[in-house]
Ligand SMILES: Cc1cc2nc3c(=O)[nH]c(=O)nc-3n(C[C@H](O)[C@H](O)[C@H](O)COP(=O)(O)OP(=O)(O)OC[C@H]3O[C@@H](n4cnc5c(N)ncnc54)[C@H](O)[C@@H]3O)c2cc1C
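The chain that follows stands alone, in the form predicted alone, written as structure tokens.
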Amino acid sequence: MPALLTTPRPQHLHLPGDADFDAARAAWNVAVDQRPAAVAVPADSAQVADVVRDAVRAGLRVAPQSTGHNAGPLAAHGLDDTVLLRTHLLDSVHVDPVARIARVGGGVVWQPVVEAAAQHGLAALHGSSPDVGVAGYSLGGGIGWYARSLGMAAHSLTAAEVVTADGSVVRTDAHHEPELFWALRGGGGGFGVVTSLEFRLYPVETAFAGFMLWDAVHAEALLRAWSDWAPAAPDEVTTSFRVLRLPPMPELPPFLRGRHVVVIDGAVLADDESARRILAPLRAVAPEVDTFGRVPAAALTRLHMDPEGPTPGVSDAAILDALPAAAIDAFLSRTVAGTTSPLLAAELRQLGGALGRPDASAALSRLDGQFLAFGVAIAATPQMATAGHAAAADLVGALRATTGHRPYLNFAEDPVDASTAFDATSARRLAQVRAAIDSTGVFVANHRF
């Protein structure tokens, strides 16, 4: 690594043996052990370009990473010949309230963006967690609480700044480097280092949002009711159905500690009367807790109560064409009815609406399917990781067996053939774009073609 071992070494470069190397290489998902050849933490696009050029001269590859929520596939491929380029110092956030556009650095997480937009009565198409990276989420598609009404985050991207394999800094949008722009809109990583993003904001100040909770003994009746309601529900509503096994943690409210519960949460982009009418079939099942009501849009980042800060987890996921009776039976048999599953959450997210309508200007044109299935377990020890991964894979595998499916790369924590997430035409075009912009394979993506 001659170019990486120059003296004096750049302050933003960390090598094995350095006192801060382990901290620099750590992913948000601390169950993943990333062992790269080096870690670079550049502070601007010029430093990013220097890292890329130095890595190429040293015969190394480059793997961009913001938070490392989805670090599993990257580590599984091996990083011995790779510089892990952490982007979290690229953290600028600027909102243009007149144009309704946000421009953010490539390492920004969602919460500061949501807060900045909310000051102007605007909302971004963020996900269900406040500390997920904007770039990785958006490049892989991005589905959140407004998804069935306003679509994927990738489709709201309007421009990006990218450092390419030769160290050039390029702007790409619908009129400049249009093939690269098409690929970035849902095509995942591996085309370069995204140092900034621009995307549309929406005039959403509030939403009718919240959650309903029941004891898990009601899971079967609830799942059958929700799965009947969800496919035909108006586009204005996006929800999630979860069976949760909550640990007896003191951080939880007393009425939740150690409980096995069903939660339906979500948001409705409609007036209060319409929202109540849309949710009426679910409320008819008499929830123990019902918090749905008018809330500020900025509150939705924490609605799902996803863990914040570094957390060890293992998971599996798939998009399902439908939820037939066999799938419902498979879900229930693995999550309730006396089971002792290690899964913290078994989840089904409602798709359809705008997510199913094609947009030819994006690599991930649409999500074909009615539901996204997801199982996750805490992996605080290797034994817990093994058991949790097996349970998640068993749950999702059983659901896959009952209906057509396709991976959603943002939720795929094991390596998959990236081409299987796209239609055949888009997959070929993505491979062509990658070959054209990075012919020597400098950049490493979580999922590869």
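Residue numbers run from 1 along the displayed sequence. Just so we're clear, the structure is a prediction, and the values are computed from it rather than from any experiment.
Quick note: we don't show the form predicted together with the ligand, though the next part is all about it.
Trainee: Please tell me which of V243, V193, L348, A123 lies within 4.5 Å of the ligand in the model of the complex, judged by heavy atoms.
Mentor: After the contact test, the surviving option is V193.
Trainee: Quick check on this chain: which one of G369, G151, P342, G127 has a heavy atom within 4.5 Å of the ligand in the model of the complex?
Mentor: Contact with the ligand in the model of the complex is made by G127 alone.
Trainee: Under a 4.5 Å heavy atom criterion, is W28 part of the interface with the ligand in the model of the complex?
Mentor: W28: yes, in contact with the ligand in the model of the complex.
Trainee: Does the ligand come within 4.5 Å of any heavy atom of V442 in the model of the complex?
Mentor: So V442 does not count as contacting the ligand.
Trainee: Is P310 part of the interface with the ligand in the model of the complex - any heavy atom within 4.5 Å?
Mentor: Answer no; every heavy atom of P310 is more than 4.5 Å from the ligand in the model of the complex.
Trainee: Evaluate F331 for contact with the ligand in the model of the complex, applying a 4.5 angstroms cut-off between non-hydrogen atoms, and reply yes or no.
Mentor: Flag for F331 set to no.
Trainee: Just to confirm the contact call: exactly one of 228 to 236, 185 to 193, 115 to 123, 319 to 327 touches the ligand in the model of the complex at a 4.5 Å heavy atom cutoff, so which is it?
Mentor: Careful reading of the contacts points to 185 to 193.
Trainee: Can you tell me which bits of 117 to 151 touch the ligand in the model of the complex, meaning any heavy atom within 4.5 Å?
Mentor: Those in contact are G127, S128, S129, V132, G133, A135, G136, Y137, L139, G142, I143.
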